[in-house]
Structures are given as structure tokens and as C-alpha cells.
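Okay, here we've got a single chain as C-alpha cells, the form predicted on its own, with questions on binding and movement later.
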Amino acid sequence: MKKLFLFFALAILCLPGFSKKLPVPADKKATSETVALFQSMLKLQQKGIMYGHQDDLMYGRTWWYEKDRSDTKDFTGDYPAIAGFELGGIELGNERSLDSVSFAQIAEQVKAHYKRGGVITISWHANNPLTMQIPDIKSRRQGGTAWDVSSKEVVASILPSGANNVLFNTWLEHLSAFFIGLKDEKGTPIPFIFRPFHEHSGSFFWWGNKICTDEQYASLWQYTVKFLRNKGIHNILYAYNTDRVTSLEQYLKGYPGDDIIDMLSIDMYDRGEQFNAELDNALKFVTETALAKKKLNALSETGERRGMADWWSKVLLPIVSKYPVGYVLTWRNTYNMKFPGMSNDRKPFPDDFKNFYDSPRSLFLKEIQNENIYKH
């Protein structure tokens, strides 16, 4: 059934009305492979919705870093099309991320998924560069982390002329060094989607909309991208991101510009009955705007409603199928062997996830491998 759907979708792409001249990434110096990925993803979103999973290649509910293992593969027999990774802590020169994952192993799995023909997306929960400098923070749990929103001066402090600009430059040096190391066996830089400073519409992080101004947020984006480009890094597709919003005006507050951004994405978890209407509304204006701007789009974080057995097939799939959504990504399966009642045969996904997998609208790794997404 999936193959039949993809056949008709491919036929649609060949119709006279479909432009043969595809858009290109915002970076005018983007590598050939990065341009190919961008254009391949534009084509693929006409075929279906790629599935992504955060840290899927790093650990699962009951296992920790076993090469080539994946909770998605364990459950479906196939890898996710999109593999998500987190770099929080890289800015400090740490060996492991804020989730205790080895950066060396992350690099290893980025290369492995690229070689398989999959897509890589990277997030960055950077520490708070202002409050982590203060030794007597009251709350040690949140003090100095990305979630520390105790000061509204953070972003201003790291921009040019700010007290922590030199420190932030050091952080970007660590980040760029990691990115430069992401190359295949031939030395070719591996293209990936980078989604830093995410969920700006909320106030969960020090870059949130109540913690910094929209102008400061846009400047933070522009400064970071310029820094990385000046390092000769041209294999990144940059993803702009918000939490749940109800209007395009709200969505674009702080938008850093079309010359910076390659993807418009949104995060929205199912917290209750209003989710269906909210997601439907948001995807409509996000996908319409992405198409108008000739950008990619994604539901970059989502998650099921607790206690709803058929959420994947009865809630998520019908909504995302209405729009040309590039991919959906669900967050990590937290490793915890001590969880009450957990055993090694516990399922990593609910049974209904198989219905999502079997749908002709969902795309996993096997369905994109033959697309040669990194080649023109």
C-alpha cells in the first residue's frame, strides 16, 4: 500500500505544473550535498511525512548505546528517517551532553545515519552564559542551565559589546569544532538540520520571548549563523522554531530573516482535547508560510496524549496528512532500568505506532534510502 501511494506521489511531481527549478538554501555557499538535501526534502514532503525520533540511535527504554540499535527499529524493523541529537554541554568542552551522551558517539552515529541515507537534526540546549557565572545561585537544579530564566539580561550579555560576548564566542568555537568534525569517510561535510534557540514563543529557556526582546532574539540568531558561516561551515540547514502559537503574527515574532532560515518548524505536544484544533490551525499557517517563502517545514517536537491508545493513527496522522509537513519528531525514550515494572521486553512504543508506520503517508528510512537525498 505504501509503495502504491509513493508511485502516485512521484507521478504528481512529474506533472507540468510542478516547478523543475527547485529553491535553494539560504546560505549562498551551501555545499552541493546540503543543496541536494534541501531540495530532496522539498520533494519528499509531497510524498509523505518522514518520522523522526530524538536520541533514537543513542539509547532506548532499556538499553544504552548499542551500535546500530534503535527503539524504532526494534519495534518496526526500520530506522526513523530523521535521527535527532542533542548538544547541550558541548559549549563547555564537556565529553558528554546534558543527557550524559558521549559527543564522540553522537558524531559516530551522525555519520552512520548519513551513510544509511537518513536525515540528521541537531538541537542545542546551551547553558545560561550569565547565571552560570554566579556562584551563589539559589536553585542549583535550574541555576546556570538552559532552563534558568531568572535574568532578562542573558541575550544582551552575549551579543557584541556585552559582558559575556567573549565567553559566548568561546562556546561557538566549541560548537563549530564539533560541526567541522562531522565528515564522511571521504572528508565530505555531512549536511544536517540545526535547531538552536528553539521554542522562542514560550518562556522555558533563557532565549524565550519574555526573557529577551524579539530584536535581541533575531540578533542572537544572526550572530550565531554568521559566526558559523565565517568558520567555513556551509553544510547546515537552519530551523526556526516556536512552541504552540495561534497566529502567524505570533509565530514570526523574532524571526531572524529569510537569509538565515531554511526551515519553519513548530513544537506542540498533546496536552488535551484542544490539541487537535490547535495543531491543525498552526500547521496550516506554518506550512502555507513555508511554501510562500520556499522553505522546509516540520512538526519538530510532538508527543502523544497520556492514556490515549490510538493517538498515532486517530489524532496525529489525520492532522499532519492534511498538509505538506516535512517530518514529525517525537522526543527521546528516556533510559531508566529502575523504572517500576520495567523489563527488557517492554515495548518502546504503543501498539498503535505500528498503524502509523504502516500508513502510506508515513516515511521511514527504507522509503527514503532510494531517493539519494544527498545527490542531485
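All figures in this text were calculated on a predicted structure; none of them were measured in a lab. All residue numbers refer to positions in the sequence shown, first residue = 1.
Although not depicted, the form predicted in complex with a small molecule is the subject of the following passage.
Taking heavy atoms and a 4.5 Å cut-off, does E278 contact the small molecule in the predicted bound form? Looking in the predicted bound form, residue contacts with the small molecule do not include E278, since no heavy atom lies within 4.5 Å.
Would W147 show up as a contact with the small molecule in the predicted bound form if we use heavy atoms at 4.5 Å? Yes, W147 is a contact residue.
Contact flag, W331 vs the small molecule in the predicted bound form, heavy atom cut 4.5 Å: The answer is yes: W331 has a heavy atom within 4.5 Å of the small molecule.
Would L98 count as touching the small molecule in the predicted bound form under a 4.5 Å heavy atom rule? Although the small molecule is absent here, L98 would touch it in the predicted bound form, with heavy atoms inside 4.5 Å.
Pick from E86, D71, E91, E304: which residue has any heavy atom within 4.5 angstroms of the small molecule in the predicted bound form? Checked against the cut-off, the match is E86.
From the candidate stretches 283 to 291, 173 to 181, 221 to 229, 98 to 106, select the single one in contact with the small molecule in the predicted bound form, where contact means a heavy atom within 4.5 Å. Of the options, only 98 to 106 has residues within 4.5 Å of the partner.
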